[in-house]
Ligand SMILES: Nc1ncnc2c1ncn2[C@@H]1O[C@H](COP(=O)(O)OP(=O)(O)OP(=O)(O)O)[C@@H](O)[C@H]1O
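A single chain, nothing else alongside it, follows as structure tokens in the form predicted on its own.
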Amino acid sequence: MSSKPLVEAISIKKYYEVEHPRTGKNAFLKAVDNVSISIKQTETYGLVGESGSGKTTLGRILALLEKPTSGKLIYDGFDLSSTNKSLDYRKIRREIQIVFQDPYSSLHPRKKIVDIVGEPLLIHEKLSREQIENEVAKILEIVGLKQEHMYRYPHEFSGGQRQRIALARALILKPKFLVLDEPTSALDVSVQARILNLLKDIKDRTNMTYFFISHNIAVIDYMSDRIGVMYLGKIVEEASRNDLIYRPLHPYTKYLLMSVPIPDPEKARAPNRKKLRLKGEIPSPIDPPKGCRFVTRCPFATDKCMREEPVLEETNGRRVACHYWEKIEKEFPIELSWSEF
């Protein structure tokens, strides 16, 4: 894996102007709030968190579908936030693609697969109809479909097949960077496994860089080289896959790992199995807590957590945003082995 970053987000914010639900006045929904991440070439960066934490918004910013309110976005050394007119945005856009969460709404229902998958070639390369059909046939074969599927409509396919079609559309321009926004969450478990294995196989063959979004930490564990944990618009922990899965530091990360169901009922009910229970729901991004974003649900919170926002500090090659992570680590260590599950 190359150590050179392909994508860098520096102090990215994305605020949406909305009407406050209680006062009726103008307010800002802070979907992404001062997030900085760096994604290395050829790695898979996994982003995990509950619904409403801002994962999809950050993914859409990295895929150039949303403009950040403030901050810098750097792709392959080019500052995409600048007004430099010499930047070839057309070339950059073809190198960054996205696969959406819902395979049913992300495909045009009135177009045949050859037109859906081949449209990027028509826009970027001005190929003839025959050339487009040849390229579409090749990419469909790579994602596990047949040439005859080109002339059918999306409603004739299952959810797993539709997601393969969406993947073929994203891959046909041979991108360098692929944003995967929960690409398996709408699929059955058996179909999920096939799609995940397909994505791994494609990455091994192409050395592509993935930004993989999911609320399922077991899927993130399977796919990722490095993992970021997002809560209410902020990154609260980031580490290599092994460090984060086997030794989580932030209490929210510990909770996510402990919420993974254990197939063995005896192990799940074992009296010595540590349990971490949270209070309530994730707060509104319109009125986030003033101190630590996690303070309203954290069982370890103190007055300091309510007053002061913890800095995402680096320690031993990983980052964590918690005032008391060292104390919590001593009092509430978690060591997980997925193989035992």
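One rule holds for the numbers: they count along the sequence shown, beginning at 1. Since the model is a prediction, treat every value here as computed from it, not as a measurement.
Beyond the structure shown, there is the form predicted together with this ligand, which is absent from this document and is the topic of what follows.
- By the criterion of a heavy atom within 4.5 Å, residue 285 is counted among the residues contacting this ligand in the model of the complex.
- The closest heavy atom approach of residue 68 to this ligand in the model of the complex falls outside 4.5 Å.
- Although the partner is absent here, residue 57 sits close enough that one of its heavy atoms falls within 4.5 Å of this ligand in the model of the complex.
- For residue 278, no non-hydrogen atom is located within 4.5 Å of this ligand in the model of the complex, even though that partner is not displayed.
- In summary, the region of this chain contacting this ligand in the model of the complex, judged by heavy atoms within 4.5 Å and restricted to 292-300, 47-55, 33-41, 312-320, corresponds to 47-55.
- Note on contacts: among 95, 243, 182, 119, the single residue with a heavy atom within 4.5 Å of this ligand in the model of the complex is 182.
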